[in-house]
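Below are two forms of the same protein chain, given as structure tokens: structure 1, then structure 2.
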Structure 1
């Protein structure tokens, strides 16, 4: 099986100032074409370290994908290290990339600087895949058996996540042209509302019944719940797909409503698909989630077909004056209460004219909790023509994590509401 290593170069990663998202995207793409990623390594902007680490990864792997260290500024030395690694004696101008750089600068109304032009110069030992989204081209270096004991390729990609992602399809094409690939097949089933350990107990017998070549992984995420992923190496895709279908059908029997999709997706995508099918619309009234539910709903391409909008009523005055929550409701029950989220959900549905609505009010922390209503408490309300439903949840996390759990739990209540309305209609 073809093996790859993904390397990230940059002090900014090592001191923790930025999170490396490139490696994850590249890994996902490589897995998709049947390349097994064995390691990911990050190391610093230091020539000796770059050379040592890359040589080690080239010895261990068929493919090494490197990101970062190609910026126009002075702290980047990857290119000259790659020139040394490949025995290059001179840089050559790549006219394709130079043209792209000219166009990018022109569209931004900027002059061509020397440091921009320098990005179109590459070691004469590499071939170039032009980067249409940025100024640094993708460089491809090939090494033979005499160097690392086997044929291997090194791809150097820009570190800017948007540009790295844009370069992936061309890199995959190049890999397909140079290596004989085997299939890896992954499929996911999405669950929400059952903790990882409870889930594991619930499906223990099923898990024990899995054939040896199927590997199960639990992938918990506060926004999407626990994703269960089955992986199979080798075989034909059609065959594996049918086998996984059978195992997933058993799993749905065991887990029931906790399964919200049999493929890799999100609650907001599933909600969007249901609303589009039924020609219904949704709106949101948020307090503690601060716009996160709106952002999640709006992040789905095409959301404008069913998502009308939202009110973030952070202040009680906005709950009262914009959403029409009676002042007495808040006085009597507090803003974090079943009554308040019910009125918020009904208010935003009326205000926007949507078929469905979703509302949250809770305490994300770190401050603001009481014994009665501690940090981590959230009330969720959903409303439609069939009525308004509220429920509460309790979580333990920091501010952002609580917001995420609040938002995803609310989306799941909305999903259940849409499904139960559909069942009643039948």
Structure 2
């Protein structure tokens, strides 16, 4: 199988000044055409280090994709390092990229400077893929067996994320034209409500039974739960799809309702599909989640068909005066209680006229907790015509992580409520 390494160049990445988003986009694109990414490496603007690292990556891999260090300033040294690496003796002007540079500068009302023109000059050892979105071209270097023990290619992309992303389709086309590729097939199954460690223990025997060419990855996320991804390298898509279908059918038998989808998705997308299929609507009353549930629901295209609105009732006065929570309920049980979230859910459902409603009240932290109600405690209420259900959860994390877990747990309770109502209708 063709293997690739992705290298990012720039001191700004190493010191945390910018976040490297290029690597993940490039890796995803390469996997999609059957190239297995084995390594991601970052190194600074040091000529010797660039040369040593790239030579090591070329020895290890068939393809090396480099981003960064191609700008007009003096600290951008990738081009000269690649010229040395490839044994270039001179630079040549690429007329296609020069024309793009002229048009970009003209559109911005800028004059052509020597440093701008210099970006159209490339080592005579490379071929060029024009960068239509910027001034630095994509340079392609090809190396034979005599240099690294196998034929390999290096693609040097600009570091600006939207320029790098824009160049990816042309790079993929070039790879397809120069390498014999095999299929890589990935499928995911989405789970919620079971921790990664507990999940691993529960499916240990199933995982041990996987064929040698199937690889399982655990991908936890506080907003979506644990995504289990099966990957098969080689074979045909039709064959591997059928094999993974059989393994996932076994997994569903083991995990039951903890599985909420057999493909990459989110809780809010699954809930949206369920509500649209049944012609139902939903609303929200949020305290500790501060509108996060509403944002997640509204982030799904077409949410206006089923999401009616919400009340962010942070203060007790809003819980009482807007949602109709009795003052004595809060006085007796506290705002963070089963009784309070039940009344909140019922209140917002009545207020908006929705079929379903969801409510949260908890302590996100870092302060505000007590012995009886510690930081990380949340109560969730979900209401429909069939009744109101409340659930209690405990988490340990910082404020934002707690809020994310509060919101996703609440969405999962809503999902279970919709499923339960559907089963009763049957």
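C-alpha atoms forming the largest set that superposes within 1.5 Å between two forms make up the rigid core. Numbering follows the first chain given and starts at 1. Here the structure is a predicted model, which means the values were calculated and not measured.
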query	finding
Of structures 1 and 2, the one that is the form predicted on its own	2
Rigid part of residue 142 equals that of residue 219 between structures 1 and 2	no
Swing of the smaller rigid portion against the larger one between structures 1 and 2, to the nearest whole degree	19
Core-aligned Cα shift of residue 128 between structures 1 and 2, given in Å	9.0
Core-referenced Cα shift (Å), residue 10, between structures 1 and 2	5.5
